[in-house]
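Just the one chain here, the form predicted alone, laid out as structure tokens.
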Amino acid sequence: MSQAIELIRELSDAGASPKATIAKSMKETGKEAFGCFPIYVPEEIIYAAGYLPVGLWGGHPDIKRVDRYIQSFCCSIMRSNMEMGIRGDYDFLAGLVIPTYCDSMKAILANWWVAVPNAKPIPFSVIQNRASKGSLDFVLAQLATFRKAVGELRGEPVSDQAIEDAFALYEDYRAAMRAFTKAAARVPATITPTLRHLIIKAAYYIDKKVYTEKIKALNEALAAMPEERTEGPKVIVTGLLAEPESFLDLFTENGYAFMGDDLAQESRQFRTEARKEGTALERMAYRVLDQRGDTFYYEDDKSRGTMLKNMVKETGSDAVVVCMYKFCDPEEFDYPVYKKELDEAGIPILYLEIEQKMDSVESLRTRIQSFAEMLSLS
């Protein structure tokens, strides 16, 4: 139990303090940091080149300069990242990558060159039609282009063996994270919604080899603990992300147990296991093609509703909590589709509109508390 508490404290503190954690990781590994914009980028190539990939998921800066470049209705992650880039917060990065998952990210990429002269990005084109005959070739071509650009930045090509080794490490990390989400669901009183989020988030700021060793140790410690119960609802959480911590604290206060998640910042990063055949680059490409139920990858027959229903059934959850990130168009477009399916299945939904920077979460407190009371009476 003491080992579990120590690891929980260490990893949650790391997730809560990105700047300090990145600085510590750079010092311990001797690596330069390479920034990764959301949602998904080929981190394995960055890692193989000898860099420390770090997640750039916004923050809480005072917005003063960004309105000159992007609209006020862009999501707050992109606005925060742009603001921090303009004021020089990312100047320490050796490089960064900006993928093109939505219109806001395309606007960021186009304006970054002008607004942030000291931190030039490498673009990464994102496929949407993943069912055509040329889909695999397109993704492989983008990976090759990105590999070349990272190698040129590094000053030497990124070798095949380095990519193979990095991919194996990342697959090990992803397997450990899938195990962690299951272990956390067994002990929801120990791994509260807030702690669960911070532990997962810490992976964006720590060298993956170091982090994977720690999360494996935590998994073992949690497995040795007796199963726990809470008085509140058992839920599946879906959306772009669930922040800030003060928002998650409301669920902890009301005894909620997060039995699983469909969050882009969390389980969507590691839930898809790679195929066994092919080179590392081919397996990376297939992971893109095989990802399902994800609003940021187009699907003719949207499978997110079915996936959420299955998650509720498999985990014995009571409801789905929708963390609707304000001004996230892809997530907003998906909601009516999976809401209809959940309604037809009789699965309760708590819809909450959030932003990364909220002056107060008090307006959400009553809704979260009332939803818990409603479920207890049903």
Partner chain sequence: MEEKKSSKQILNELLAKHYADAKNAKEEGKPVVWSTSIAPQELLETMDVAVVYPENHAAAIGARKDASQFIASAESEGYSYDICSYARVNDGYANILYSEAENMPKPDMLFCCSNICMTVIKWYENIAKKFDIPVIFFDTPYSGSYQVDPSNVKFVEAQLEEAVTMLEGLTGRKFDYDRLKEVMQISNETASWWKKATDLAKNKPSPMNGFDMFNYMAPIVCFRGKESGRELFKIWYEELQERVEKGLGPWNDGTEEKYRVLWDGIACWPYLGVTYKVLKKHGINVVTSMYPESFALLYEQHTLAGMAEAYDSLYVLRNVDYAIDKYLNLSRDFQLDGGIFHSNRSCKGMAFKQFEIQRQMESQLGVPSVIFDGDQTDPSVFSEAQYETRVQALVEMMEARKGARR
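Keep in mind that what you see is a predicted model, and the values were worked out from it rather than measured. Positions refer to the first chain, counted from 1.
Just so it is clear, the following notes concern the form predicted together with the partner chain, a form of the same protein that is not shown.
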Next on the checklist: K27, Y211 and R283 - do all three of these have some heavy atom no more than 4.5 Å from the partner chain in the predicted complex?
Outcome noted: no
Next on the checklist: Based on heavy atom distances of 4.5 Å or less, which listed stretch (311-319, 337-345, 38-46, 51-59) is in contact with the partner chain in the predicted complex?
Outcome noted: 337-345
Checklist entry - Can you check whether V114 is within 4.5 Å of the partner chain in the predicted complex, heavy atom basis? => result yes
Checklist entry - Heavy atom to heavy atom, is Y204 within 4.5 Å of the partner chain in the predicted complex? => result no
Next on the checklist: Taking the partner chain as it sits in the predicted complex, is Q128 in contact with it (heavy atom to heavy atom, 4.5 Å or less)?
Outcome noted: yes
Checklist entry - Would N81 count as touching the partner chain in the predicted complex under a 4.5 Å heavy atom rule? => result no
Checklist outcome for this item: Of G255, P123, G151, G278, the only residue with a heavy atom within 4.5 Å of the partner chain in the predicted complex is P123
Item to check | Contact assignment for the partner chain in the predicted complex, among S267, N219, T194, Q142, heavy atom within 4.5 Å | outcome: Q142
Checklist entry - Does anything in 297-329 come within 4.5 Å of the partner chain in the predicted complex by heavy atoms, and if so which residues, in order? => result Y297, Y298, E299, D301, K302, K326, F327, D329
